[in-house]
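Shown next as structure tokens: one chain only, the form predicted on its own.
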């Protein structure tokens, strides 16, 4: 891999590991130091590798450089504490000269503990996702801004406030005890789920970014599955759901970046390997007595990977949506249910149910109504598509909807 490709790749995969280990070692009150050490390590790599070439083991080089920088920081800090201001009461945590452990096991443990710390309920959902992208996924500030369709200044302020909150609350970077894991796990899974959705349903035109967001969410969920303390049925259900959704990723957009509706997708582009993995984790989720919304959504997603367009398929999906809405009502889930209803019982019944929802600020509401009204009342279909067009945010979305209007 050429140098100009290798370093960005390593930044994405190794930055997060270095920061997680250093944060666990230093504590949240030193998170800026941890990020600075990690960033400086990569800046040194750019300069050194540019002159001397890529080392035989680039990852080991980065870890060695990060350890040295951390040791230098600890040494300077130790001199300051012990010789310059002896006897003064320090408010921040005492930092000891210890070996920085960048072994695979400690990296994995640190990332898992950071995940629970970042997903602390004291900070907002957006901040949880932003910090997860930055610290756990190695995304740059520009990439995070792109994912949220905002600017770097907004993201920097949001992340700073979140870090400050975690510091003020004295949140410890550790895995909660067994009795607390289930309670905290709900927030962790919600963050991972929203991170995946940020990529899967993103209106960003950056296809690579969309995929990376989904893959990072799946990686974080897989870490939870691998740990015996967090390998719970609902975790397996969420990973199953993401595998099923990701299996159809390549079929969801055409070469112009336009969204392709489910019934128009090229099934040959579906990833059969991811479908099999989804089935495996869905089976794993069946242990115990826990039935979560992730179980229902994974089962719905499973039926969507069945290529045959049978009445049995849509009746099963419809019943699963009914159960999902009983577990946790969501207007979007209710809207998706109306599509399954149209396939199982016909468009007329689906139109009645869809119009009851009255989601007049949601583009997909009018897009679905437009589809349902086609060949029943083409004038209403056209009006629905025109409303959807007025709510569309991207050029490709507008082009897709305009094509629907032109056909009518």
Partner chain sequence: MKEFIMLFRADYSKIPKDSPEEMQAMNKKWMDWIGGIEAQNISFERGKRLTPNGKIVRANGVITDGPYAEIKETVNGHATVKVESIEDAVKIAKVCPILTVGGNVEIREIDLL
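Residue numbers count along the first chain shown, from 1. As the structure is a prediction and not an experimental result, all values here were calculated from the model. We call the rigid core the largest set of C-alpha positions that still match within 1.5 Å between the two forms.
The same protein also has a form predicted together with its partner chain, omitted here; what follows describes it.
No residue in the set 224, 273 and 276 has a non-hydrogen atom no more than 4.5 Å from its partner chain in the predicted bound form. In the predicted bound form, its partner chain sits within 4.5 Å of a heavy atom of residue 318. Contact annotation for residue 134: none of its heavy atoms lies within 4.5 Å of its partner chain in the predicted bound form.
A residue is said to contact a partner when one of its heavy atoms sits within 4.5 Å of a partner heavy atom; residue 31 fails this definition for its partner chain in the predicted bound form, lying far away. Shown alone here, residue 326 lies within 4.5 Å of its partner chain in the predicted bound form, counting heavy atoms only. Of the candidates 171, 123, 159, 334, 334 is the one whose heavy atoms come within 4.5 Å of its partner chain in the predicted bound form; the others do not. With the partner removed from view, the residue among 48, 59, 39, 345 that has a non-hydrogen atom within 4.5 Å of its partner chain in the predicted bound form turns out to be 345. Only one segment in the set 40-48, 375-383, 349-357, 362-370 has any non-hydrogen atom within 4.5 angstroms of its partner chain in the predicted bound form, and it is 349-357. Once the rigid core is used as the reference frame, the Cα position of residue 341 differs between the shown form and the other one by 2 Å or more. When two forms of a protein are overlaid on their rigid core, residues whose CA moves 2 Å or more are considered shifted, and residue 38 is not one of them between the shown form and the other one.
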